[in-house]
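Here we start with a single chain on its own, the form predicted alone, put down as structure tokens.
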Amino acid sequence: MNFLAVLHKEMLEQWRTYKLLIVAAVLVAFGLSSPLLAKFTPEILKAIPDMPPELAAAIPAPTLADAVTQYVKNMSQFGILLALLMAMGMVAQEKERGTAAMMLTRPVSCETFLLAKFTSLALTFAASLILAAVGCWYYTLLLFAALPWGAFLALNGLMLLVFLVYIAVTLLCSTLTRTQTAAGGLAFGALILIAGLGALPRIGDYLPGALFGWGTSLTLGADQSAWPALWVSLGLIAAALLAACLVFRRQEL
């Protein structure tokens, strides 16, 4: 069975298990709501009863930068969480059910099995992120001004790359463990480790989280880049997938 056939099976499974619909619904919802939150949150705060006039006057008027920042904030938080939740059982669950051993006797190589899973989830997030970006761009146009398409596309591409890092790392965790719960715990620990290192001075410039700031600056016309974080992110994806293939090849199913 070749790669495309296994990929088709994985995409069909994502549709039947509603993973595709869940990812799309969550990302699109936050893509649409981000400019709305940026626009109306200051007005809601000013409408709080008994708020001192001095405090209400100090609340700044919403800007285009607020819409972009809110979009990045929402997508970074919930996109990474979705990456962990959707990927943590992709291998461990199949090992629990015994379907992984059945697939590998067809014959399907370990590399094809894992890469098809990674690719299917990558396509799901890419399609969902495109829909979310279109919704965010349209509502931002209505409420603020038009975002530059090229820069906004680059922002979403960088966000997708960050999601792929966590998908690959979680897929590795799912390969290392035999239960979905253990895979989720290990992946969450990896998330905390990466986030913790990213908060450190200078070290954070080399980790995936820096890509969110780069994408934001591109969209708002600022001169900022994070090429080291880009190369490290690509390296993390390759290393996680390679490690997953090596571990999976040696496991007894």
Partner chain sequence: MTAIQVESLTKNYGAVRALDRLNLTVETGVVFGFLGPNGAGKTTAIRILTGLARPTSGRAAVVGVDTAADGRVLSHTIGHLPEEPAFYPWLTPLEFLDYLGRLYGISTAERRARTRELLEQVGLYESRKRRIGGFSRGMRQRLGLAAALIHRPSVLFLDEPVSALDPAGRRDVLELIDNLRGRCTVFMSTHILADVERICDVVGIIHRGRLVVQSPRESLLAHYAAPVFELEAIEGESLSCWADSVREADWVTAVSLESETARVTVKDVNFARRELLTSAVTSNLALTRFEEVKPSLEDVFLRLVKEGVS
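Just so we're clear, the structure is a prediction, and the values are computed from it rather than from any experiment. Residue numbers count along the first chain shown, from 1.
The same protein has a further form, the form predicted in complex with the partner chain, not shown here; the description that follows concerns it.
Novice: All three of 2, 12 and 102 touching the partner chain in the model of the complex at 4.5 Å, heavy atom to heavy atom?
Specialist: Result yes, every residue of the spot touches the partner chain.
Novice: When the contact criterion is heavy atoms within 4.5 Å, does residue 151 count as touching the partner chain in the model of the complex?
Specialist: No - in the model of the complex, heavy atoms of residue 151 and the partner chain never come within 4.5 Å of each other.
Novice: Determine whether any heavy atom of residue 157 comes within 4.5 Å of a heavy atom of the partner chain in the model of the complex, and answer yes or no.
Specialist: The answer is no: residue 157 has no heavy atom within 4.5 Å of the partner chain.
Novice: Would you check, heavy atoms only and a 4.5 Å threshold, whether residue 109 touches the partner chain in the model of the complex?
Specialist: Output for residue 109 is yes: heavy atoms within 4.5 Å of the partner chain.
Novice: Just one of 69-77, 119-127, 163-171, 89-97 has heavy atoms within 4.5 Å of the partner chain in the model of the complex; which?
Specialist: Selected range: 89-97.
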